[in-house]
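We begin with a single chain expressed as structure tokens, specifically the form predicted alone.
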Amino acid sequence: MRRTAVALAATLILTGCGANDPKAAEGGDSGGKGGKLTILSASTDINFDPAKSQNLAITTLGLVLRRLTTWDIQAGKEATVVPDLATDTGTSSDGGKTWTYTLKDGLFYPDGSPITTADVKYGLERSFAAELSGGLGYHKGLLVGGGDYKGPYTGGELASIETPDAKTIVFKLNAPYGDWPWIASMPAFAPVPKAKDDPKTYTQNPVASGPYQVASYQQGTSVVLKRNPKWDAATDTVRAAGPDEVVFQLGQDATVAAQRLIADSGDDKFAFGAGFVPPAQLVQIESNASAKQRLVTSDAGALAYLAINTQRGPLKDVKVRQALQYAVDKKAFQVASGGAVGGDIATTLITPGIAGRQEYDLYPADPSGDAEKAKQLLTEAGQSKLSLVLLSENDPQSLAQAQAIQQGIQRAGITVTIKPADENTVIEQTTGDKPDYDLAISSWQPDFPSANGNIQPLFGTSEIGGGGYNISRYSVPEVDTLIGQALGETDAAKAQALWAQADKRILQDAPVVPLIYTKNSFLHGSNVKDFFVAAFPAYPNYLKVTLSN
């Protein structure tokens, strides 16, 4: 599960940015193979241990590590799950409780030894070890016995992962789970040879299964990737493996990195920024024709929303929560988030780019809201005087967004007090067991391109407190039943219909106010080709990038 910050952006609309044109991303004048690509990153390290990583399938780890399945991300198209190490995305049996995979032929590590299903099993088992915590762990609660398993260092093997031979792997689940093919694309499903596992050093020295291997790692400074001589493009449909070398320059200030890319000189012509372009540089780019052509702004993506604590006083009344749907000034929030380049007005829970999403608006109003309609609903609820506490992170961007929410709601006669706190306190308050807030602003980027990732983590009763992200504290048995049905449906079309039904059913109860679908902007050098950001996720696809001479 991933809680994301709303993308920073300037209060202007960038026009004419053709760099994200799907036609340009399909090859253009790409130089194909060769060259050195530089990626400018604010991070001071890269954790290559698949057990500890939450890295997206199309970014850093995807260059070095393959999984059973992966994401096919193309500009202008919805994300799909496709085979990676496996021959297909999985064959289900036992009503969706058993999933079987077969490895492709021609899979080898850099030293020439074959990749086996025993390596995939071991890689997955080590993700259960306490010393390797922090990675995406959906599989831990789904696999039979996963709740009690402690990993291979102390707990032996996990019997629900079977490897009858070197090419076959079978997973036994506690219950039917139709999205298992997406789960099998997560970092923990990368193969790890047991003989080469050192949990203390694997983060910097993983055994490569993708087109690149770690050639050097300088903490806080740089990571250099060079080609894996045993990677075979014939077995890999999603990685272009264009550059001969990929260099991550670490600890790069976002403003300095953006200035380097705007200048577009020397090696920076062959570079791109891993982080969002800061607001000041977006303003500068608007008047720089060259840089403007190299700016890529994502489609609307992650959902920014106002969570309403449904277990708190008057907010238990659905009419009061529906009043807030009309009282909120989404337009003001959009401006506080950077204007049109910061995101599009939102009305649904399932985000754009997710298959099966249905567009609708249960609370139609001007984007700036309808204060009179809100007052009417409050009167019907018998709430003529209402005071609410809005929990907000205390950085300037978050406070500006909180003030936009405050001024909109107060037009309906509701007093809103902003309660600033540091990020850790906000997370503790919203996901812990002692909530002290009425309202909270958050955003959500699903961990995989399924409506499952939009709905279950935010609205399932099991996700209230204990570190869960159901921060509206929403609990409705009918919705839990619907979530369970969708989770167990192995027919993709039927599952999508159930998630769309859940989307509308939840918003009838108004536990959150959808605000905007956020956008992210990235800048690249003039010799970087095939650089695009699809509808999901709102990040560049590192695996497709190539260079021109």
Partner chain sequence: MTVDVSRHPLRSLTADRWAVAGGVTIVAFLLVAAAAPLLSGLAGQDPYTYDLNAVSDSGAPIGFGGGISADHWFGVEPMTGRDLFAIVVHGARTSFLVGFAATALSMLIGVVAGVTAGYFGGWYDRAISRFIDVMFGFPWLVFVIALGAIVPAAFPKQLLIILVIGLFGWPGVARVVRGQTIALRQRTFVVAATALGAGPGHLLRHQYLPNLVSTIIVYSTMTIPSMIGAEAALSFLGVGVPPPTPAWGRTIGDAVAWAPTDPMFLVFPGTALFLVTLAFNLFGDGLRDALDPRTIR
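Numbering follows the first chain given and starts at 1. Everything numeric in this text was worked out from a predicted model, so none of it was measured.
The same protein has a further form, the form predicted together with its partner chain, not shown here; the description that follows concerns it.
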property	result
Contact segment among 415-423, 142-150, 463-471, 224-232, judged by heavy atoms lying within 4.5 Å of its partner chain in the predicted bound form	415-423
Partner contact for Gln403 in the predicted bound form: its partner chain, 4.5 angstroms, heavy atom	yes
Contact test in the predicted bound form: Pro449 vs its partner chain, heavy atoms, 4.5 Å	no
Ser127 within 4.5 Å of its partner chain in the predicted bound form, heavy atoms	no
Any non-hydrogen atom of Lys331 within 4.5 angstroms of its partner chain in the predicted bound form	yes
Listed residue that, although its partner chain is not shown, lies within 4.5 Å of it in the predicted bound form (heavy atoms), from Thr87, Thr80, Gln284, Asn174	Gln284
The unique member of Ala166, Val335, Ala381, Ile345 whose heavy atoms fall within 4.5 Å of its partner chain in the predicted bound form	Val335
Triple contact flag Ile73, Gln293 and Gln358 to its partner chain in the predicted bound form, non-hydrogen atom at 4.5 angstroms	no
Contact set, 243-274 vs its partner chain in the predicted bound form - heavy atom within 4.5 angstroms	Thr255, Gln259
